[in-house]
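First, one chain by itself: the form predicted on its own, in structure tokens.
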Amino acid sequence: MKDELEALDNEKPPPELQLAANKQHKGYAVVDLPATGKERLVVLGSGWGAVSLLKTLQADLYDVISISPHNYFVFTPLLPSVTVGTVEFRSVMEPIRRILKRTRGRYIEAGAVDVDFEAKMVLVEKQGQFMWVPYDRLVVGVGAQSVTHGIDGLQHCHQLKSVSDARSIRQHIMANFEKAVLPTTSLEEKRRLLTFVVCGGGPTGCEFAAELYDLLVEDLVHYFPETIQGLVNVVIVQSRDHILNMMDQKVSEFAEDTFSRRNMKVITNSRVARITESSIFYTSKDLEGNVTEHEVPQGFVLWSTGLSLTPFTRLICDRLADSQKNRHAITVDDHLRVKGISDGSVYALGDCATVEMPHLLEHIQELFDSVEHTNTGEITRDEFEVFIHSTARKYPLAAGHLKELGVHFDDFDADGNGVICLSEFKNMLVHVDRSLTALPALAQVADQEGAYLGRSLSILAKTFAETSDNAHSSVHDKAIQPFNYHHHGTLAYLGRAAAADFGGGYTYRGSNLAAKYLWRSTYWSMQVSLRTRLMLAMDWTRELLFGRDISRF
């Protein structure tokens, strides 16, 4: 291992990219990528999916070009910790060139703005300079942006999707506290400055509120007057009936109880109406359906709601309108290929993509006939077990729901004769189809998609080298199994407490140091490099010994 790392460090960097001489496409220059006998793999984005792909892809199989406006990867689950100084900025960042070096890839710091699927080129832009980058295979992993819901006043809000967002929030928090202690600041103004509002009760919003609570009770309490501490107010506005509503209800109730005991206000079943520089307005309904508008003076607002398409992903969906019907993400098949691209050369993963769920009912006769061999029009229990295993291999995203059918065989056997007829079989498939939901927008989903695609592309490169078949889709289907997501649980830090939902009703809830360090150890193990693991360990040790850095810079 050590020899391999030393060899990698001594490896010469790839040659500088150049523009092709006297060549343009639609009015812009084209990057010169001479033929090397390897396919050109262009990866857009530097998030979880893209980085996982680059770390998994075998070296020297492709000419790899990574394109992103940011030349680093951000460990986004720890951004709430960055906002209050628990973790420093550099500890959640990994240079993309360091990750790329293993694949001997090249990097362009630019953003994708257009794509020509016929010519197989993507248009990128950096400070008004445009260029086309040719590709043989394109991976879109550009993430998503926060949905606005048409709310007025979002310019007065912070978001938490990048390191620069975290830095801005950190400065704003400390600026509010410092201004609140000025003798010239009125009591009313102090209350406003120290009211922190979080719009959205998902993991990011809740973890930010928890980190803010930790900052107050573990650090600021030692340096700011008690009269100021008593004025701090943390408010979470959630449109659903619970915060963390994507997790088990026991976790949601635990989080609400934890926040309540810490005098953090959670407002549910309410929608933000508008935001001004000094207030936030939200509406709620009573039991009779009457709508009431409420005003909360605020000194800080974090906007942490759902996700929507970026301009680039929206452009892709518009270009492929016949195949792309989802309004929130690019639809991909179970091999992560973008629907609508006939040769299967374009992939999408992460928050910008959604995997199309299988519709088993559309294949009812085919599935029924595949296991019914007695010509009786009925399936026995043993034949049904065969159906479950064979169909789970073909449609792995439905595997969990299919296995549940075996447990409930008798429930679907309406006439109780011990076999399943076609109509009963149909009811089973309807149940499975209704149970299937889109994969959640989680880092672990993007990470698994990237690892899957990295392995798949490695296999394909070797397969193409051994076969004369140049049809991307046909070779892909023969050589690669469909993507299968394995849920490892969802974590939430709640301020000196943590909770986890592992699915199937299994949860963990703890209000002690053990819970806090269990949460930390999980994210420590998920780091993309030894460097960031060491930096995180040093940050947490520094915070334990000396507290958080409360300087404003």
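Only a predicted model underlies this, so the values are computations on that prediction, with no experimental measurement involved. So that there is no doubt, residue numbering starts at 1 and follows the sequence shown.
Another form, the form predicted in complex with a small molecule, is not on view; read the next lines as being about it.
Among heavy atoms of R337, none comes within 4.5 Å of the small molecule in the model of the complex. Taking non-hydrogen atoms only, F300 never approaches the small molecule to within 4.5 angstroms in the model of the complex. Within 4.5 Å of any heavy atom of the small molecule in the model of the complex lies no heavy atom of Y517. The small molecule is not drawn, but in the model of the complex it has a heavy atom within 4.5 Å of P69. Interface residue among S456, T204, Q448, S252 relative to the small molecule in the model of the complex, by the heavy atom within 4.5 Å criterion: T204.
This chain is drawn without the small molecule; in the model of the complex, the residue among I173, A180, M247, A110 with a heavy atom within 4.5 Å of it is A110. Segments offered: 349-357, 362-370, 147-155, 213-221. Contacting the small molecule in the model of the complex at heavy atom distances within 4.5 Å is 349-357.
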